[in-house]
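One chain is shown next in structure tokens, namely the form predicted alone.
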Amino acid sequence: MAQTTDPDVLVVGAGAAGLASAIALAQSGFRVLASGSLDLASNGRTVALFEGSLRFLRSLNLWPELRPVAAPIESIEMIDATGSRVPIPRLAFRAADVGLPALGANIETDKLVARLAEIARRTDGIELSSEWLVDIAQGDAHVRATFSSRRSIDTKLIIAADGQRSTVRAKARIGTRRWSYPQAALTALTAHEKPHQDRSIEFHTRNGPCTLVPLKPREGASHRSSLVWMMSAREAERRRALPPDSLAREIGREVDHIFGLMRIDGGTGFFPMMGMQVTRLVARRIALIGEAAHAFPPLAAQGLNLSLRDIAALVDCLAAARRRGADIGAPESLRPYAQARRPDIALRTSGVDVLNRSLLSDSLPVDLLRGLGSLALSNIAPLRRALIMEGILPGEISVRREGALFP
């Protein structure tokens, strides 16, 4: 809803992380301006949200409006297709192992953003604007933001949710460490002959994982999955030029025709693989969340789940500062956020990096370690349950209300 006064917080970026943070802030009583263009491109991208994220979304009363476009993920299966000289057993992580009806849910990114934007539009305390931020001026009492329209506002805090090429981060002179991988990812929505039975299936190859994740059915496509297929940059260029039928045949061969005949059921995307860490999560009246703060390959579906934990921690810190009567943009108000998030971000970033590089390495010692790890997880139930819980329900996610996942 439109506002007539300067906001308490400016959120830059209108993707899923930016919109979710604006809604969470408004529900906590802050006046919010969320700026940026909605990314509603149909490029085959989806987000798998695990139990911790779903509890956070339920705490904001968002899940009832998102659930109709989400498909439950009951299990995650990992199949080694690297040609390893060491036998690597097939792994299965099931919701039943940890007493849940599902590990999480998968949603098409454009549908998620569209629904969050609609919720934000009708939420008191939020103004949505498509303006682009072009400059910031950090002061002692406020930060001034200037937009492409030449409008300027003063606010106590800017939250950067504007992605890997963050304008806010650059203007605040927050440094980054970047690295690349010899891979690209193909994303696509697929329809297939056989049901997925709510299974997410990962084929681990020497070029990285090829993953199929359940999607909701639609008219004319009873069985659907989203695809994230890591491959060499050269293969990505070749496949980018293929007609849909030829691409679908190559996908079918890569996943050993596990779901029968396949076809492309929407847009596709190709993305180079890279990683990024920031030197700091906060600056004077600036806080970074989401891909403005961290980026890594789409393995283990950690991206938006990590971003929602950023949001939960930041909103908690800002609400605590307000209760103390403190300035929400002051260093002492933002420092707890950085301290709380740094370990989790470092763990996920390094974990994904190690997993990805282990698949790319044709090394007998590395394969031996992968084989021993998979064998232990297959045979030691408490270890498997602990890994599942660490993946889907890290302890620090905010939970304000409980509720069933798919009642």
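All of these numbers come straight from a predicted model, not from anything done at the bench. The first residue of the shown sequence is 1; numbering continues from there.
One more form of this protein, predicted in complex with a small molecule, exists but is not displayed; see below.
J.: Tell me which stretch of 277-285, 172-180, 324-332, 156-164 has a heavy atom within 4.5 angstroms of the small molecule in the predicted complex.
T.: Result for this chain: 156-164.
J.: Tell me, which of Gly125, Pro336, Gly303, Gly266 has a heavy atom within 4.5 angstroms of the small molecule in the predicted complex?
T.: Checked against the cut-off, the match is Gly303.
J.: Which residue among Ser28, Ser350, Ser37, Ser42 has a heavy atom within 4.5 angstroms of the small molecule in the predicted complex?
T.: Looking at Ser28, Ser350, Ser37, Ser42 one by one, just Ser37 meets the 4.5 Å heavy-atom criterion.
J.: When the contact criterion is heavy atoms within 4.5 Å, does Glu291 count as touching the small molecule in the predicted complex?
T.: Within the cut-off, so yes.
J.: Even though the small molecule is not shown here, does Pro298 get within 4.5 Å of it in the predicted complex, heavy atoms only?
T.: Residue-level check for Pro298: yes, a contact with the small molecule.
J.: Taking the small molecule as it sits in the predicted complex, is Phe271 near enough to touch it, meaning that at least one heavy atom pair lies within 4.5 angstroms?
T.: Yes, contact at 4.5 Å.
J.: Is there a non-hydrogen atom of Val47 within 4.5 angstroms of a non-hydrogen atom of the small molecule in the predicted complex?
T.: Yes - in the predicted complex, heavy atoms of Val47 and the small molecule come within 4.5 Å of each other.
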